[in-house]
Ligand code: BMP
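Take a look at this single chain in structure tokens; it is the form predicted on its own.
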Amino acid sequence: MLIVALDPPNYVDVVEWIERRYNELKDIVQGFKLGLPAIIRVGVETISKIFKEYNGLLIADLKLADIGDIMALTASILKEHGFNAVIAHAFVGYKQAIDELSNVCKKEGLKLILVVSMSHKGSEEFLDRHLEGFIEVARIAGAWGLVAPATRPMIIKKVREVVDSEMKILSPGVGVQGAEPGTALCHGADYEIVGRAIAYADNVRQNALKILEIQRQRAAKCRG
């Protein structure tokens, strides 16, 4: 299962850049993730117009980390503009934070995805030391999914051993950051998130199809 991160580089027509990749990939991937580089530069209204006919996962990756009121308000605004999933950090805790965000997500029909570990080395300095606590926050909140890094598959395996199959695991870090396609899936992830290896390629669709085929082959081998 493949989600493409659309983080446009500098010195491009951002709307054209996103639209082209959306149109080339919408029928073969399971979702798109848009973060601060895209949302700051064109705004949620423009993004909502580009994706207005899309029925797959449309994830707002703002990595929310604030008091509950602010995160809840942000989630409501994102829902108004067509997003159906939102990413927040679990480290802010449950009370007066993730609890309020979770309540709004349930009310608005948004999928709540909580970061419990990240794909860069710095995650080992703090986040990974509190992995079990972050998973517990997600469990209490009734989160739809968790973010765990494809770059450290044993973290994914550990998360999957704790959470039931109904909670999805989304794994970034495939491609440029070093993880091979299909590795996260073989360790318990439900989705692999790929950014630059697809979005920055000369042939976007061809690269996506190649990664999908590698995923399929690797998953078939490791899952029997």
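Every value quoted in this text rests on a predicted model; they were computed, and no experiment measured them. From 1 onward, residues are counted along the sequence shown.
The next section is about a form of this same protein that is not shown, the form predicted in complex with the ligand.
Can any non-hydrogen atom of His187 be found within 4.5 angstroms of the ligand in the predicted complex? Answer no; every heavy atom of His187 is more than 4.5 Å from the ligand in the predicted complex.
Distance check, Lys157 to the ligand in the predicted complex, heavy atom within 4.5 Å: No - in the predicted complex, heavy atoms of Lys157 and the ligand never come within 4.5 Å of each other.
Given that the ligand is not shown alongside this chain, does Leu2 nevertheless sit within 4.5 Å of it in the predicted complex, heavy atom to heavy atom? Taking the distances in the predicted complex, the answer for Leu2 is no, it never comes within 4.5 Å of the ligand.
Answer with yes or no whether Met118 is in contact with the ligand in the predicted complex, where contact means some heavy atom within 4.5 Å. Looking in the predicted complex, residue contacts with the ligand include Met118, since a heavy atom lies within 4.5 Å.
Given the stretches 160-168, 193-201, 22-30, 40-48, which is the single one in contact with the ligand in the predicted complex, using a heavy atom cutoff of 4.5 Å? So the stretch in question is 193-201.
Which of the residues spanning 145-160 lie within 4.5 Å of the ligand in the predicted complex, based on heavy atoms? If the 4.5 Å heavy-atom criterion is applied to the ligand in the predicted complex, 145-160 yields only Val147.
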